[in-house]
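First, one chain by itself: the form predicted on its own, in structure tokens.
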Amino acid sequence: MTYLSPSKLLRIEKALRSVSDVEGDFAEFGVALGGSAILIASQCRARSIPGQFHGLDVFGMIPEPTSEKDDPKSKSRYAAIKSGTSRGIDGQQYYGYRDDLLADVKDSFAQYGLTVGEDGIFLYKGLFEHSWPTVKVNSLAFAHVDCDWYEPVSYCLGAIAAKLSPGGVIVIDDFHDYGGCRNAVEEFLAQNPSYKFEDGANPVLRLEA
């Protein structure tokens, strides 16, 4: 249900615990099969401060990396996906090729006792720049950014920063995997010195309280 390594999941859990007293909702940009989204939504429901979970994804074929700030590795990865030859977890069908990925993800949430559309859990299908403006959220305490390429990562960071509460965190999945993601994060940090960079398998950007 997730491409994330155990070390990345543990860092997400640690980041979630660190915002237990921070006001705001939780969000994930790049839901894929829903594994990390289920973890994040569960933690959102369990904490004492009221909040909702918002998961955003195209729930289909990942968009192409089109920026000059994306590296050859990113473009090679997309070419493999587009060709139809990419394999999923344990050799299964790659999630982007599924006929109704959104329905599959909703079913996965249900297996863990979480009902999408209820319980303060919402999923949004479409490009981030189209779906995020429709999300009703006053503030964020936590956000997970797992969208690979320069342009979506850059957009997400700006969108999150406009809503993130002091003490809130952003976990970045692809910083050490794809150059476009790394470029977007480094530009964001240069423009937003109030964020502390905590390196690791999936770095954490923490807005100082």
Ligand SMILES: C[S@@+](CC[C@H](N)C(=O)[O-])C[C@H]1O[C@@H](n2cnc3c(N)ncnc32)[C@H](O)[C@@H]1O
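Fair warning: this is a prediction, and the values are worked out from it, not measured in the lab. In this text, residue numbers run from 1 along the sequence as written.
As for the form predicted in complex with the ligand, it is not shown, yet the points below apply to it.
K.L.:
Only one of Gly88, Gly117, Gly126, Gly113 comes within 4.5 Å of the ligand in the predicted bound form by heavy atoms, so just point that one out.
P.N.:
It is Gly126 that has a heavy atom within 4.5 Å of the partner.
K.L.:
Looking at Pro50, Gly158, Pro166, Pro63 here, can you tell me which has any non-hydrogen atom within 4.5 angstroms of the ligand in the predicted bound form?
P.N.:
None of the others qualify; the residue that does is Pro63.
K.L.:
Within 4.5 Å, heavy atoms only, one stretch in 66-74, 158-166, 52-60, 179-187 touches the ligand in the predicted bound form. Which?
P.N.:
Of the stretches listed, the one contacting the partner is 52-60.
K.L.:
Flag Cys147 as yes or no: does it have a non-hydrogen atom within 4.5 angstroms of any non-hydrogen atom of the ligand in the predicted bound form?
P.N.:
Yes, contact at 4.5 Å.
K.L.:
With a cut-off of 4.5 Å between heavy atoms, is Ala143 one of the residues that contacts the ligand in the predicted bound form?
P.N.:
Flag for Ala143 set to no.
K.L.:
Are any of the heavy atoms in Tyr95 no more than 4.5 Å from a heavy atom of the ligand in the predicted bound form?
P.N.:
Because a heavy atom of Tyr95 falls inside 4.5 Å of the ligand in the predicted bound form, the answer is yes.
K.L.:
Although the ligand is absent from this view, report whether Ala32 comes within 4.5 Å of it in the predicted bound form, heavy atoms only.
P.N.:
Close contact exists here: in the predicted bound form, Ala32 approaches the ligand to within 4.5 Å, heavy atoms only.
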